[in-house]
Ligand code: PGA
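In the block that follows, a single chain appears as structure tokens, in the form predicted on its own.
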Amino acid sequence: MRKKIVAGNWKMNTTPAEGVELLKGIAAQMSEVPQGVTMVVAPPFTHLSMVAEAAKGTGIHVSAQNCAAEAKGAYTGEVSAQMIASLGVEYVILGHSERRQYYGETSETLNKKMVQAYANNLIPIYCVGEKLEEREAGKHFDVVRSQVEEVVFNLTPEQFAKLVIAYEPVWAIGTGKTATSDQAQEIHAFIRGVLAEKFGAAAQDTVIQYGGSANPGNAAELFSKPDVDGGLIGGASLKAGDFIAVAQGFKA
């Protein structure tokens, strides 16, 4: 049976003190999370260490939102995978649509970041997804296939076994729009099929999260679909009660 993972991407929100308080608020409600659901939070770099420390013993796992493509060196402003891992962080989000759109990240860049993540025993949450114009043009399957093939197909079977994928309909992030549960299931199943072309039956074990404005109101319907294994949550992860409520979508 595949893991169920609900991850909160805090993006550029919360101060260090606010982040620790949010973590504590989530921790206080962890008894309400359905059994078998893994909870992950991804704070900004400035308080990654503080949140990781506060998360110890709570059952909450911690992720970075990004990592550098290089191991070390003269890369002002960058944070290496080794630095992240040294804090006790377990996951790293790679290829988020905002990184692709605003900072020009390409498959070439992301392949380098994957190497760094695996070299430091971080579990990548690799994001794929199409823009509105690409969906309206009927190109969403082609876009997602290329994002998978150009990066994930370069992994070894051992690396692939640790990978988490997040499908982000870019047109549904921060817009209030959400893919229907049927739309989500359709493309999640498609992604699993593409993965199977390279990795065979192992694709059935890959966690594929939905990452397009999931919230307490739609989580149960989304998570009821057979190929939707959780969520990469944005805005709804910034309030402890909402984040827990999203995880409770697995009760239905």
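Quick caveat, the model's predicted, so the values are computed rather than measured. In case it trips you up, residue 1 is the first one in the sequence shown, and so on.
Omitted here: the form predicted in complex with 2-phosphoglycolic acid. The next part is about that form.
Here is the short version: of Ala64, Ala55, Met39, Ala214, the single residue with a heavy atom within 4.5 Å of 2-phosphoglycolic acid in the predicted bound form is Ala214. Picking from 93-101, 112-120, 144-152, 131-139 the stretch near 2-phosphoglycolic acid in the predicted bound form, with a 4.5 Å limit on heavy atoms, gives 93-101. In the predicted bound form, at least one heavy atom of Leu232 sits within 4.5 Å of a heavy atom of 2-phosphoglycolic acid. Heavy atoms of Ala172 reach within 4.5 Å of 2-phosphoglycolic acid in the predicted bound form, making it an interface residue. Annotation for 8-44: interface residues with 2-phosphoglycolic acid in the predicted bound form are Asn9, Lys11 [heavy atom within 4.5 Å].
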